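Only one chain comes next, encoded as structure tokens, the form predicted alone.
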Amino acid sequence: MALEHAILVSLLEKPGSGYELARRFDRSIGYFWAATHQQIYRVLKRMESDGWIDAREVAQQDRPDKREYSVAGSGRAALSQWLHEPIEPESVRHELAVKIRGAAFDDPAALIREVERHRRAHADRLPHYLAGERRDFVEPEAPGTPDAGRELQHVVLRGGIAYERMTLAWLDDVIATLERLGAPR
């Protein structure tokens, strides 16, 4: 996937400025597809020159004007084409897992602090996902036609929640194993 596709999805969900888009990446999309603010602005400029997005100047009071981006017809077509292309299942590329295997050739207990640091990072992320779910999906959907955007956002968020819970359980197992292996014999 290219950053362009993540930006198109975000702008279709809600048009916005480059700054607003970068904040969305920081708060949600970035958990699944990371990009720096500089990358986002660079890609926005290219997408605009390619005709995938439109920009309009929006006057602001007590602030400089901003450019608000929205998806153009050719951007929607590019996203549609990408959505219909098959992709290969992702392979896990996990540096920590390689370190864990490598600990067999050193002192396994020496890796405990690093694994605990990773565990804290995942433990810190899980409440953000859960808070987002409570904030955005606590209200049941209104009867009638389902809101595909809302339901698909929620299923991706549930995947993130499940991933963090699974990772925490795995890291707990890793720590227990490293402690057991590092115990004096």
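Predicted model only: the values in this text are computed from it and were never measured. Start at 1 with the first residue shown and count on from there. In this text, rigid core is short for the largest set of C-alphas that superpose within 1.5 Å between two forms.
The same protein also has a form predicted in complex with the DNA, omitted here; what follows describes it.
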In the predicted complex, does residue 19 come within 4.5 Å of the DNA, counting heavy atoms only? yes
Can you work out whether residue 39 and the DNA are in contact in the predicted complex, taking contact to mean some heavy atom pair no more than 4.5 Å apart? yes
Spell out, yes or no, whether the shortest heavy atom distance between residue 60 and the DNA in the predicted complex is within 4.5 Å. yes
Any chance residue 45 has a heavy atom within 4.5 Å of the DNA in the predicted complex? yes
Out of the stretches listed (152-160, 130-138, 116-124, 61-69), which one is close to the DNA in the predicted complex, meaning heavy atoms within 4.5 Å? 61-69
Even though the chain is shown alone, can you say which residues of 86-115 have a heavy atom within 4.5 Å of the DNA in the predicted complex? 93
Is there a C-alpha shift of 2 Å or more at residue 167 between the shown form and the other one once the rigid core is superposed? no
Core superposition between the shown form and the other one, C-alpha change of residue 17 at least 2 Å: yes
